[in-house]
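For reference, the chain that follows is the form predicted alone, supplied as structure tokens.
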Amino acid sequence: MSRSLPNILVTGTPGTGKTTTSEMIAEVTGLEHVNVGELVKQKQLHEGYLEEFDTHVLDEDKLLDELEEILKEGGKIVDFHTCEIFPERWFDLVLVLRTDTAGLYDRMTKRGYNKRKIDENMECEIMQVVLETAHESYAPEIVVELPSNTIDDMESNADRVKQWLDAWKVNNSK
């Protein structure tokens, strides 16, 4: 994909601050935030709902078809907890947000997640599942692990992405 602006994937275990960070990045860069979880609900890109995990069952084919159109022009910040389903060619930068387990547990509890969902997500964060998946799915030079424990971390991450975008524009205007 040749694009005039890059696409960025913001991923991480549920509760690591993907949506908040993506919104902050959109604000400082002017790129458009695409919340995949909301898109799945709005466009019915799922096959139903799993009560025990409090989540929709994703229809990957429908989602990928929908996102292909959205991402082809570039300039998007895609926010989703899963990364391996997306083609590598879609993204120029993959940010994996990480949160200390105590803070993550508190965030998930505040959201009202059930015990099973909290336990599964805590285990995923401890075992670095999303980080390892990102490293297996994308070129190592585009995968960046970032702390996401505080609002200051998130603001710093947004500023880093702004600097990266400025450099990307210079390098891709030649």
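Since the model is a prediction, treat every value here as computed from it, not as a measurement. Heads up: residue numbers just count along the shown sequence, starting at 1.
Just so it is clear, the following notes concern the form predicted in complex with ligand ADP, a form of the same protein that is not shown.
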Item checked: Exercise: residue 107 in contact with ligand ADP in the predicted bound form, heavy atom 4.5 Å -> yes
Next item on the list: Evaluate residue 41 for contact with ligand ADP in the predicted bound form, applying a 4.5 angstroms cut-off between non-hydrogen atoms, and reply yes or no.
Entry: no
Notebook entry, point to check: Is there a heavy atom of residue 19 lying 4.5 Å or less from a heavy atom of ligand ADP in the predicted bound form?
Noted result: yes
Margin query: Just checking whether residue 154 would be counted as a contact of ligand ADP in the predicted bound form - the rule being heavy atoms within 4.5 angstroms.
Written below: yes
Item checked: Interface stretch in the predicted bound form with ligand ADP - options 123 to 131, 57 to 65, 137 to 145, 107 to 115, non-hydrogen atom within 4.5 Å -> 107 to 115
